[in-house]
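Only one chain is given next, in structure tokens, and it is the form predicted alone.
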Amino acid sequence: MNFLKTIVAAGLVAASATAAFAADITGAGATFPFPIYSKWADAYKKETGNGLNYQSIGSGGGIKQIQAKTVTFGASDAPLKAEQLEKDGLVQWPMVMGAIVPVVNIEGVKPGEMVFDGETLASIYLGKITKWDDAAIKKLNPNLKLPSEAITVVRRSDGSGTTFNFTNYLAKASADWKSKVGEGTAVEWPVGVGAKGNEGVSGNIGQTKNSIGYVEYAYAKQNKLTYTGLVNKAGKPVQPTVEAFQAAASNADWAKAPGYYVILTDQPGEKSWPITAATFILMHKEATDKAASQEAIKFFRWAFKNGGKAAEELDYIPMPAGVVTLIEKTWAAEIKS
């Protein structure tokens, strides 16, 4: 992931040298969309000469930075409720959709071979299931040879929208999880080793035998991690595919959601992937640096228009055209430039 970080940083440095008249675009937040934001930033820099400096620090950090007005935009996979947006003078919209997948490191188990349901996943993260050959795991995976080894549980240590969506799903799938832990960008984890960012969890899983974690799907693919299937709300085992993510995303009614507050976990439908999520941008209605705010909107407009193919190549789901039209109307009505 260091290569991607360098791309973004280089974009900013080059932009200030070649297009000094253009305001620098600074953003911070979610690690979930970092692969696609980096790819867009690189293409945008080549096309316009303008750079983007995006710090992949986690959704919690992104929310804090935009509230403190230290960046032009914040990014979060945990959307803010309408009353919070109003209080902070913020505008929020979904930028792209993706999915979260469980990942494991078990000798002999290949990507997609293993399957979990929400209850079993919750029991692992509650510390109730501690070994890979537990009866509940074996029942879901009768054909896999699972070791009688302790499960090393890996989770996020930072404030995280990926964690928000993961724990939101576990709370829907397990009454025990809902009552004992609940959901949030940061929770009191009953068990597990903490790692920072999707990057940190990916690295930890890759290096630790008999471990389990959760990451955005692009990280699983880029780091060649062993992702698992999941049993969805309809009781069907599904694999993490763009088709499954789109099936879940198709349930979203963005037009009727104040502040575009839509959670896409545990959606109905036989093909739906259960931990699908949107990632959101946060900007001030009245920016202190209006030129930088205008440059950021230009970048986001460009990404909606030109970034769909790049998003799909990394297995993200572009926002539907009708939703982009709604978002552009929101910009015009709410962001003063």
Partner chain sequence: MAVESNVIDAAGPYDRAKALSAFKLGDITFYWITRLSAISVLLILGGIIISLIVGAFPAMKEYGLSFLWTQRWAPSADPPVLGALGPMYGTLVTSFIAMLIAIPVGLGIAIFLTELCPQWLRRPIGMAIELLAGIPSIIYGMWGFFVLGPFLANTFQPFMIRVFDGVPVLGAIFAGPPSYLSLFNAALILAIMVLPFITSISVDVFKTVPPVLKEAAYGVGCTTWEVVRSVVIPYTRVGIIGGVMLALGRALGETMAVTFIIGNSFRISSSIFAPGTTISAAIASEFAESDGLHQSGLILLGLLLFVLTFFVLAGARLMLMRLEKKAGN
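We call the rigid core the largest set of C-alpha positions that still match within 1.5 Å between the two forms. Numbering follows the first chain given and starts at 1. Fair warning: this is a prediction, and the values are worked out from it, not measured in the lab.
What follows is about the form predicted in complex with the partner chain, which we do not show.
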Whether Lys236, Ala252 and Lys271 all lie within 4.5 angstroms of the partner chain in the model of the complex by heavy atom: no
Interface residue in the model of the complex among Lys172, Lys128, Lys196, Lys221, criterion: non-hydrogen atom within 4.5 angstroms of the partner chain: Lys196
Contact residue in the model of the complex, from Glu86, Glu243, Glu188, Glu107 (heavy atom within 4.5 Å of the partner chain): Glu188
Proximity to the partner chain in the model of the complex (heavy atom, within 4.5 Å), stretch among 93 to 101, 130 to 138, 199 to 207, 224 to 232: 199 to 207
In the model of the complex, Val181 touching the partner chain (heavy atom, 4.5 Å): yes
Contact flag, Gly307 vs the partner chain in the model of the complex, heavy atom cut 4.5 Å: no
Distance check, Gly159 to the partner chain in the model of the complex, heavy atom within 4.5 Å: yes
4.5 Å heavy atom contact, Gly51 to the partner chain in the model of the complex: no
Trp273 C-alpha shift between the shown form and the other one of 2 Å or more, rigid core reference: no
Is_shifted Gln84 between the shown form and the other one (CA, 2 Å cut-off, rigid core): yes
